[in-house]
Ligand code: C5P
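There is one chain below, alone, in structure tokens, taken in the form predicted alone.
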């Protein structure tokens, strides 16, 4: 990489929808904790990046040996994802420059491919705003009426599923999150905070198998995705967690 790159991975969530006895980032996926797979993919794409890992202050499940990066730090996670990201940015205020790129990636997306990661990074290298991996909506979209019945069928033209990573320059992202907090804007992802400033992040088409593990059945699906990716041509460059220390 020609310029410094920061990776922010929020991993302070409790994953209550999984109904498990531990946060989802520590659940078993193909024989290793889910987090290990995610960090392995990021490291394979960006081995020289600097990682900021956001963990709950009371987290007793984390093992530093799972982190393959030479330069990384742990910071306290917040009550919400946006709070964790804000904490990460504040922790590197004396190190990061305003024009350095920050990629924020969900710890619960272990199937992101190395090719998608590198393509996003290349696309954002000269973009004045930043952007995110995303996938065009393929399904028919229904809006409910509040009682569990269909109120309308919405056009899917121009609709995209927002994925991660999402990447923005350090100074812009920090300003966007601070402005959203001051104005009471609900931030569902980094792009929404940047949009609230009147800017338009770019959409970089990514693979649909960049699954976010949210529900119990997603673990089995993710394991099948990882197996299918391993069976692809070696040029896909998608390591498994078993290839990391």
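Residue numbers count along the first chain shown, from 1. Keep in mind the model is a prediction, meaning the values are calculated, not measured.
We do not show the form predicted in complex with this ligand, though everything after this point is about it.
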TODO: Would you mind picking out the stretch of 102 to 110, 139 to 147, 125 to 133, 89 to 97 that comes within 4.5 angstroms of this ligand in the predicted bound form, counting non-hydrogen atoms?
DONE: 102 to 110
- [ ] Give a yes or no for residue 212: in the predicted bound form, does one of its heavy atoms lie within 4.5 Å of a heavy atom belonging to this ligand?
- [x] yes
TODO: Although this ligand is absent from this view, report whether residue 81 comes within 4.5 Å of it in the predicted bound form, heavy atoms only.
DONE: yes
- [ ] Consider residue 222 of the chain shown here, and say whether it contacts this ligand in the predicted bound form, taking contact as heavy atoms within 4.5 Å.
- [x] no
- [ ] Give a yes or no for residue 22: in the predicted bound form, does one of its heavy atoms lie within 4.5 Å of a heavy atom belonging to this ligand?
- [x] no
